[in-house]
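Given next, in structure tokens, is a single chain: the form predicted alone.
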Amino acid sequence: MSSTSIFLQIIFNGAMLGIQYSLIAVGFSLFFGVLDVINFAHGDIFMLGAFVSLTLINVTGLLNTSGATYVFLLILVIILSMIIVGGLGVFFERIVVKPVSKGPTLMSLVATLGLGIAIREAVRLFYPRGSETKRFPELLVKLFPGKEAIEFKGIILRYDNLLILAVGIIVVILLALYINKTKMGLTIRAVAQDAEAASMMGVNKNLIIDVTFFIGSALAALAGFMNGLYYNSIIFDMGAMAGIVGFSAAVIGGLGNIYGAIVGGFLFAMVESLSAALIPRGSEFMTVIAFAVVILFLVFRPSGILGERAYERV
């Protein structure tokens, strides 16, 4: 395998992680942009998405079907998990996040950290054998019978991974179109830019906040589903690190900037993948190296790659 092929394989693996990190990071940017809060429970929403998906897989009997029924139920599981987790995100926002959003920043940080721990422990305590690692089925393999992977320019591309990446990219594109081309998207941008002026123009800020939390939580649920498909296992505390990584990716890209969150997610994943592959024992230190990059960004460009927004409004 040539050095070029190895490099391309690393890039592909980084892209697989990057699309997941980006979907989580977008939620952080949406929440900060609209409500000026950093929701540290968002990583556990990601975990909740994975567990809700697994539950729906078992309830619908997806694994016992085939053909068109299998494809229909698979799509249904994805959509339902996003709707359920999106609704839970709105519920948590109303009972925990919004009441403390106008208080000191430290109050919202503590409240969302507490919410994340509560979600995590609830899954551990009430999900059957919640403390154990759960096997997540290889759902996409059945869509490509007898064809697990293809070789392209010396790199191995699994069909299921290609589908995950394609779905993630399509969702990101649809989100960008929604934010930029629809009336609701333009309203979200208006509230993010100046909530007070938007309210004076008749915008229902509470509705916009609910829509934002629904979208951010639904995207995190999709990322949780993708994570389960990619690693074929999930565990109740997987959201803790995912939340930190997602927030870091949002900071790298520019907190409050959706496109920055996407760039930050892919950059963080690429640093991890390159570190694991090119540095001796890099897999043990890849997260450390990636967070060192985050620290450098905070030192030399605290607003992030695409961040232009002021953190203190005058």
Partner chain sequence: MAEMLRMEHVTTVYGINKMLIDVSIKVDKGKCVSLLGSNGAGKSTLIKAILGLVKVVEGKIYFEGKDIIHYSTHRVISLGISIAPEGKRIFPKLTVLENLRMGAYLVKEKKEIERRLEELVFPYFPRLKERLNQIAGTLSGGEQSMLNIGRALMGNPKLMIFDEPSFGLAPILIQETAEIIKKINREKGITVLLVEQNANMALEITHYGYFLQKGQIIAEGTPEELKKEEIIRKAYF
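Numbering follows the first chain given and starts at 1. Note that the structure is predicted; figures quoted are calculated from it, not measured.
Below, we turn to the form predicted in complex with the partner chain, even though it does not appear here.
Q: Given the stretches 70 to 78, 165 to 173, 199 to 207, 214 to 222, which is the single one in contact with the partner chain in the model of the complex, using a heavy atom cutoff of 4.5 Å?
A: It is 199 to 207 that comes within 4.5 Å of the partner.
Q: Quick one: does residue 177 come within 4.5 Å of the partner chain in the model of the complex, counting heavy atoms only?
A: Judged by the heavy-atom cut-off of 4.5 Å, residue 177 is well away from the partner chain in the model of the complex.
Q: Do residue 143 and the partner chain come within 4.5 Å of each other in the model of the complex, heavy atoms counted?
A: The answer is no: residue 143 has no heavy atom within 4.5 Å of the partner chain.
Q: I'd like to check something about residue 150: if you look in the model of the complex, is any of its heavy atoms closer than or equal to 4.5 Å to a heavy atom of the partner chain?
A: Contact check for residue 150: no, nothing within 4.5 Å of the partner chain in the model of the complex.
Q: Is there a heavy atom of residue 190 lying 4.5 Å or less from a heavy atom of the partner chain in the model of the complex?
A: So residue 190 counts as contacting the partner chain.
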